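Shown next as structure tokens: one chain only, the form predicted alone.
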Amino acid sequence: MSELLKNAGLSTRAVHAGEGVDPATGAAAVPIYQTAPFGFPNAKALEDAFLKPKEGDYIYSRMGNPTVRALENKVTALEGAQDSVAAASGMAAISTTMFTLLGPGARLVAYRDLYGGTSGFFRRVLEPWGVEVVWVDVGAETGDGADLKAALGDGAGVLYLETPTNPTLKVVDIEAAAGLGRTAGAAIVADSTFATPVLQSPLELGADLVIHSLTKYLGGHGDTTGGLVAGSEDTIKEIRARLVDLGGIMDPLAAFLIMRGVKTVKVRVLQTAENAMAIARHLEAHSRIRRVNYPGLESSPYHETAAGQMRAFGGMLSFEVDAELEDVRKVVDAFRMITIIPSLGSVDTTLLLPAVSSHYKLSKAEREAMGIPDGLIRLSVGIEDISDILEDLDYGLSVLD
């Protein structure tokens, strides 16, 4: 990255980092290098690429691809990292990172409030593999941090956190957690998918690695999948090697689509955050809503922590409808513009019922302990006009009258 871009604002980096005129063709946009192998002019060139590889050497797209590399360089610049590696999905990025940092007999300390796919991977794959998984609650890192210290014990391989959390929008104090984790010798891994580099910078707050589901806000249009992990050059080199072994690589077309989305990430994310704040306040005053989870609300127990580490409060919120599941389904079905989508972070406003989708494998008691009752609706706020979103919410809730 040039010195100019190092000192540039986030939107400037989002547009220009990783890009430039293609030296082979003069293409102004990064080309989609839709190829599996790359050719060599002679045997020595092939040998050098394998034995003495340098930046810009490409052999086989499982091992590296120019379009994918351009995306990695762009997000590296946004996160203020030394390097990053992209994968086929957010879970591919998470699983490859964990397989790199952990092994049988290692200890993983993780917050209970995680995306269901992440916690499921920890329970169904890492634990049977021999990794000890110790769970802590959000807030264990604050105060004297006694609960987190106890979980870390005399050492841990990884401290894994997600903030804000999915779907309850709890906020982990990254700096406090990182300090305690580092003392225990743990690598601090932060999933920052909900916040994006627009709203928070986990590496600046002490995390060693930051993970994104690129499918969500960074891609931003719900048309492709991808994941990425960013951090130090040495650690990313190790994760990249494991990714090559496991094969969960990103496709160049997906990289192209996500890179195009990243260019507008700041304007999109800030608009969704503005809309989400208005929606949260509106719902908080609604007679049929029991509670609203949004760290931007002064009533949120996580407001102070979020205000200290986030630049805005994001486009995700969740709210509990004062009704049984059968009637909550009627509310959801009554919305005319807001659609039911098992994803988030796109330009359109969408919703999910976590109890019967993303967290359905947990028991009802486990879900409720995490703050996920049957009536909880997760809302991914889009960039539509706020008056239209509010009108649709009120229309759907009116079926309860």
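All values derive from a computational prediction rather than experimental measurement. We number the residues from 1 along the sequence you see.
As for the form predicted together with a small molecule, it is not shown, yet the points below apply to it.
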Within 4.5 Å of the small molecule in the model of the complex, all of D173, P197 and T305 (non-hydrogen atom) | no
Contact assignment for the small molecule in the model of the complex, among T96, S318, T272, T215, heavy atom within 4.5 Å = T215
Quick one: from V68, L376, I338, L344, grab the residue that has a heavy atom within 4.5 Å of the small molecule in the model of the complex.
-> L344
Tell me, please, which stretch of 139 to 147, 187 to 195, 238 to 246, 251 to 259 lies within 4.5 angstroms of the small molecule in the model of the complex when heavy atoms are compared?
-> 187 to 195
is_contact(Q309, the small molecule) in the model of the complex, heavy atom dist at most 4.5 Å = no
Wondering, does E79 line up within 4.5 Å of the small molecule in the model of the complex on heavy atoms?
-> no
Contact label in the model of the complex: A323 to the small molecule, heavy atom within 4.5 Å = no
Would E162 count as touching the small molecule in the model of the complex under a 4.5 Å heavy atom rule?
-> yes
